[in-house]
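Listed next as structure tokens: two forms of one protein chain, kept apart as structure 1 and structure 2.
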Structure 1
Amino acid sequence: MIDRRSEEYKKRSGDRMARRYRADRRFRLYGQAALVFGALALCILMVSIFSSGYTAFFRTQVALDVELDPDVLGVAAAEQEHLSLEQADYYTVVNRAIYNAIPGELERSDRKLAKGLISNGASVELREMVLENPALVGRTVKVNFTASSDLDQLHKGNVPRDVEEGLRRINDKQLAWYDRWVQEGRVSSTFNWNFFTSGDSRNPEMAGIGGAITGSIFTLLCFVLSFPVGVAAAVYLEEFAPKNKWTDMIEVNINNLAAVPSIIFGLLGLAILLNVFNMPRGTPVVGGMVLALMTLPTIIIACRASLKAVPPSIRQGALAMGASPMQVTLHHVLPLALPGTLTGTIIGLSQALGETAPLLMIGMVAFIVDIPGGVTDPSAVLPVQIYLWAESAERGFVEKTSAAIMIILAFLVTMNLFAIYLRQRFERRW
């Protein structure tokens, strides 16, 4: 027996207890540190993306006085038709407007510098404006043109101006003109709707994610076809399949498939869908099929779990009423398991929305300006657009990339909130 009243025991155990509790506190601290690390990583990620991305939602524009002279445009007053207006020489008009906004005579090299302050897309902007309102021809109007990416970044403060000239994309001369424009109130900032509606572009200031969003929606439309297949497979395995080696194999196979790297599914799509079945490269239909195959295991596993959660008493009750096994499943079990299945599918959907690697394999990396019109048009999708912009060297694409990430995260959060809502609204505890 231990004499717990002895002084010696008390002292020894006191020391020991102090040591043990220290160890306990230390261990607890590790746990807290781990959580803090995770939270910190998330914070840094979010902050670094938001801080570099929010400026993309604003567009710097420069107001220039444009003289829409029919002669310069190349359209004589008599033949002001759409066809000729479409092909008119807006480029020169815009350039003149730029030169006019700068005092003094411009050298040839200066003209180039001056043009570098306004986006290459300015002539297109002017064209659209004129086509919308042909009556403008012959008048002088004040037009807000999108600034070039270099000026845009400078105006937003994303690039420093107080560094050596050689380290800047905008040289001292351009800087002086810019300052003058600011004084004249020509430079302003506006919400960048263009970013949401237009497709990709070589010029960062004109690039938008409209095309990528459309492509993603088309891709997910094709992807959604995997829902009935996934549910059917889960129902078969859970409710009808005989328990034998064969179904065991299917089950093991599904579990393994869920953990196969996504890029392998891209190789599958490339070798089978593109090379064997000759499906069109880089299109939402192929992308959707690859993503569907990739997320099918996730959906099957989620659906099986919610089928499993339906208590056997419900099946037995229905069977006792004389329902056939198929009727039991369709009338009783499946409706009860549907919320869980939907939740799983939405999670699969959000996984598919963010997936990039397999889409690179099937050629969805092309530079596509047009917004796709259907599932068989080559198109980009959001994550691939992010990848493409992230790989571009131009400084202006950094904010675009971050902004696109913000948009994709917004989509994902919405989808997951919806999944959580579904789960809480319909979840039953048995």
Structure 2
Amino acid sequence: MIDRRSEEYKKRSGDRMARRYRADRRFRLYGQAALVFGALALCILMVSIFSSGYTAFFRTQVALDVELDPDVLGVAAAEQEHLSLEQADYYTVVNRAIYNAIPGELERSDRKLAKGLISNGASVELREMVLENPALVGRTVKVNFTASSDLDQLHKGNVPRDVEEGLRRINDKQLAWYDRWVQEGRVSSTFNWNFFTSGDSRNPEMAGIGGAITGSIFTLLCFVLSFPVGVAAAVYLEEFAPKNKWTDMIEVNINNLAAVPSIIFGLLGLAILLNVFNMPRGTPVVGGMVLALMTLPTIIIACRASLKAVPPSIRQGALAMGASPMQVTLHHVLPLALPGTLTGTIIGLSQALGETAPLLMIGMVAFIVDIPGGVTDPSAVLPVQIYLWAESAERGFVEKTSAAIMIILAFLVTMNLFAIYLRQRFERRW
């Protein structure tokens, strides 16, 4: 009887152990499946963004023979002054170059179609070239003009050409002219530096993120505001503040602010900075202040956690050597907590770089062509620029949207890698 009960007990114990091991294996498989699913989703997202946006880093150009006739430009050959060249008629000169590149006599409707193959900014490109080298006036030069967005997308293969004419933005006549230019070697692709140096534009082929990048850099002055205030608040709360109901309430509010939706900070900036203090709307200085308020709780929490990680023996040893509490904090505790503090700060700045909602609330959503020259000039930022381009269904802006997303992802990855480097390079383990 005892042997039978012993055997039954061993059997039940073995079954329970087997079930536990099976549950453990299932749990590991669930975790591995979740990791694979997450990695697969990330790969699909990155491939989708890259495949849609990498062509934005290249632009299509069409080489045209431009006759810079002073009479057509409206500039006297003897007095090619800078002001006179600025006001010259480059539009007519560019149109003549386009017509001359197409054989035969063009009707009025054909001329409009021909102009549709070259960017509307071609006259601006020619103007900048002549202003840089006034000696070109009176000569015939070959100029590489930026192609229109429709021709650019066709040349890159982003839109099909083997569909009915009514389904294409370029008709058969324009397609024939394009094919002739390709045979003549007029059409080429080059790296699109203009994408990084120019501001926004109504024409997709001329639009760039230069203004948005400059605005983002100016807006990140929130680091100048939030870092010293955040570190000072964390040091006081952790090292000097008395433990009472008031400090407890402050700590609870700081933790709650870290979880507040970012749009609430935008409403705060709209109500206080714009409506009460009448600060300029849609400027980096206001955006920086709003983002500083948003990142402040993150910096305080990260700094306090780093201060708590410093062993009490550091403080006790410094006090035993005769250092004052302030000297202990500034000379010993804070330097040891600085790597973790910087890591939290960089993560907070990465979050601020990708924010859109609070900046929309303070008016940084306007169409800005000029690159801002200071923190008080109207500006856009990268996330808002992506938002503006994403609203357009035109294929050229879809390409620019994906490319801008690639740029902002590169910034975020770089900043996070830098945070990891700081933590691994300077962090002390006790």
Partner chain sequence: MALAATAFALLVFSSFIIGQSRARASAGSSGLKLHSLPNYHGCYVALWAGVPALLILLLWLALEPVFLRSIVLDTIPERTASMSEQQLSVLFSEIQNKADGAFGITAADESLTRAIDSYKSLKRTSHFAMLAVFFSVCVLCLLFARSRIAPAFTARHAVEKAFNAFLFLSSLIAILTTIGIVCSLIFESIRFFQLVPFTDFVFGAKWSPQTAMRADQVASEGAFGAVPLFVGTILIAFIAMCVATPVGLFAAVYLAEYASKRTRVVAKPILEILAGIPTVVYGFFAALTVAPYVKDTAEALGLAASSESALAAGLVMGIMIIPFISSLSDDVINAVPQSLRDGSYAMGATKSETIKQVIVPAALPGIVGAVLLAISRAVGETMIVVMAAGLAANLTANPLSNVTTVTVQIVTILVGDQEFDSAKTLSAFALGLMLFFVTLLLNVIALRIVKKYREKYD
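The term rigid core refers to the most C-alpha atoms you can superpose between the two forms while keeping them within 1.5 Å. Numbering for residues begins at 1 and runs along the sequence of structure 1. Nothing here was measured: the structure is a model prediction, and the numbers come from that model.
Taken from the form predicted in complex with the partner chain, structure 1 is distinct in origin from structure 2. Residue 29 shows a C-alpha shift of 2 Å or greater between structure 1 and structure 2 [criterion: core-superposed Cα displacement of 2 Å].
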